[in-house]
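Single chain ahead, written as structure tokens, the form predicted on its own.
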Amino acid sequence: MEVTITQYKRCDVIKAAGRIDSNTAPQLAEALKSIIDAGRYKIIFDMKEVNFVSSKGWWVLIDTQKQCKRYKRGELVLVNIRNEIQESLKLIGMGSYFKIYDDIVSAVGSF
């Protein structure tokens, strides 16, 4: 899995490509942790090139969301999420836990 981070004035955009599963979730967790450790809590996760998310991947995102929302510091929002992945998110009962946007411009504007 390939992960890139772009820092903007209002937020950070993290982009991943490929599968997020038990093997690659720790790499995503480390990238998200590096953003939070830098004191930045407004994060956009661009999922345009993500084709699968396992339960381990969802737990990484849920844990990141908890850290971002603590003390109302920020939030993790999802962008360009595929329909089948969005359905799996609803299936595990977390469909309303993340704000989901169709494009990065809308997501950045939400902050």
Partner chain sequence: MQKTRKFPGNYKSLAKISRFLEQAIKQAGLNAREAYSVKLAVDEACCNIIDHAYGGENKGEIECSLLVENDCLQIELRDQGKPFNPEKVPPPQFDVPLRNLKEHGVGFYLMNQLMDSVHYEYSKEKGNRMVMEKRKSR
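In this text, all values refer to a predicted model and were calculated from it rather than measured experimentally. Positions refer to the first chain, counted from 1.
A second form of this protein, the form predicted in complex with its partner chain, is not displayed here; the remarks below concern that form.
By the criterion of a heavy atom within 4.5 Å, Ala29 is excluded from the residues contacting its partner chain in the predicted bound form. Proximity of Tyr97 to its partner chain in the predicted bound form: non-hydrogen atoms within 4.5 Å are present.
In the predicted bound form, its partner chain lies farther than 4.5 Å from every heavy atom of Glu49. Taking the partner from elsewhere, Glu87 is found to have a heavy atom lying within 4.5 Å of its partner chain in the predicted bound form.
Taken together, the three residues Cys11, Lys15 and Gly39 lack any non-hydrogen atom within 4.5 angstroms of its partner chain in the predicted bound form. Contacts between stretch 17-38 and its partner chain, counted in the predicted bound form as any heavy atom lying within 4.5 Å, involve Arg19, Asp21, Ser22, Asn23, listed in sequence order.
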